[in-house]
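One chain follows as C-alpha cells, the form predicted alone.
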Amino acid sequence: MTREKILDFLKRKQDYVSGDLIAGRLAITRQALWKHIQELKDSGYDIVAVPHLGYKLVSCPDRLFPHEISSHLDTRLIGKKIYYFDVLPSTMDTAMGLGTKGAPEGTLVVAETQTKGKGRLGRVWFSPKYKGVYLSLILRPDILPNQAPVLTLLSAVAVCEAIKEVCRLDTQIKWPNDIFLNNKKIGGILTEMAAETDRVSFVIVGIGLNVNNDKKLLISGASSLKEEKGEPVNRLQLLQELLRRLESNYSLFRKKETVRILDKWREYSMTLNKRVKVYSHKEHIEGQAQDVDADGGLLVRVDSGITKKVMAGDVVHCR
C-alpha cells in the first residue's frame, strides 16, 4: 500500500526526505502524498513537514498495525495474514468466524482492546486499550482432537521464550495455560477448536499478555511486564518475537517432535513437583504433580499411590 511505502521512505532516512522524491518514486501527485501524510499523522505518526526540505518521521505510535508487525518479520506461516482492530469484543470469536470461513493457517487477529475478552471456563480477560497484547491465531494441524492440548503447552513455551528474549525476564508456566512472573499472573492462553470425531478442522490459540498495564489497573494477584521490569516494554517488538517463537515451536509440533516441546515446557513449569489440588467438572483430586504426558495431560500422584491423568481443570498449588 502507498502509505506503507511512504513510511518505508521516511524510516530509512534520519533526516528530511524530499516530497518530490517520494512522489516521483511512488508515481503519485504531491497532493496525494500530502493526503497520505495527513492520514499517517491521524494514525499517530509524528511527521514534520518543512518547506524546501520535505518530510521527517519523528516517532511512531505505540500501535500494533499490520504493516508494523509485518516489517522485518521473517516468519513463513504465522502472521502472513493479519486482521487488526482498534476495538473488538473478542479476538477468539472473530478468529473462530474467520476459521469457519476458510481463513488460511497462520492468520492472526490482533486487537488493541477487547470489550468481552475471553479466558478459560467462561471467565473474562481484562484488556485495557494500548496496554497489552491480545491475539488469536488460526492453526490447521493434521491431528486428532486429543492431541490439541499440546498446542496450549507449545504456545506457553513460545510466550516464555519471547519474554526472555525481549525483556530479559524469567517467566514460569502454571499448568495448563497461565504465565507467571515473580509469582504473579501476567498472561494466559486459551485454545478452542472446530473438530469432528477423528480430525481437527482448525484450532484457535488465544493469547493475552499484560505488557504495559499500570499497577492500579491490575486485579489482585496479577502484574505486568512493565511493573516487574520497572520500565515500559515495546509491545510491537514483543509481539514480533512471540510470532517467531510460535512458528518455531509449531514447526516442531508438525514434525512430530513433541518431546522437544514438552522438555522445554518442563523447564518453565512452576507446577511440576508441587503438591496440587485440581478442580474439574468431573472430580477434585489432590496429590503430587509429577509430569505431563505426550497429550499434554497433567499426571498427578494421589496419596493412595495411584497416578491420575488430568486434561482440564483449575490447579491450586498447595503451600
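Residue numbers here begin at 1 and follow the sequence given. These figures come from a predicted structure and were not determined experimentally.
Omitted from view is the form predicted in complex with a small molecule, to which the following refers.
S.K.: Counting only non-hydrogen atoms, choose the one of 244-252, 182-190, 156-164, 218-226 that falls within 4.5 Å of the small molecule in the model of the complex.
M.R.: In short, 182-190.
S.K.: Under a 4.5 angstroms heavy atom criterion, identify the one residue in 79, 208, 176, 99 near the small molecule in the model of the complex.
M.R.: Filtering the options by heavy-atom distance leaves 208.
S.K.: Check each of 108, 139, 92, 151 and return the one that places a heavy atom within 4.5 angstroms of the small molecule in the model of the complex.
M.R.: Checking each option against the small molecule in the model of the complex, the one that comes within 4.5 Å is 92.
S.K.: Is there a heavy atom of residue 125 no more than 4.5 Å from a heavy atom of the small molecule in the model of the complex?
M.R.: Heavy-atom contact with the small molecule at 4.5 Å: present for residue 125.
S.K.: Is there any non-hydrogen atom of residue 131 lying within 4.5 Å of the small molecule in the model of the complex?
M.R.: Contact check for residue 131: no, nothing within 4.5 Å of the small molecule in the model of the complex.
S.K.: Does residue 235 reach the small molecule in the model of the complex, with heavy atoms at most 4.5 Å apart?
M.R.: Close contact is absent here: in the model of the complex, residue 235 is far from the small molecule, nothing within 4.5 Å, heavy atoms only.
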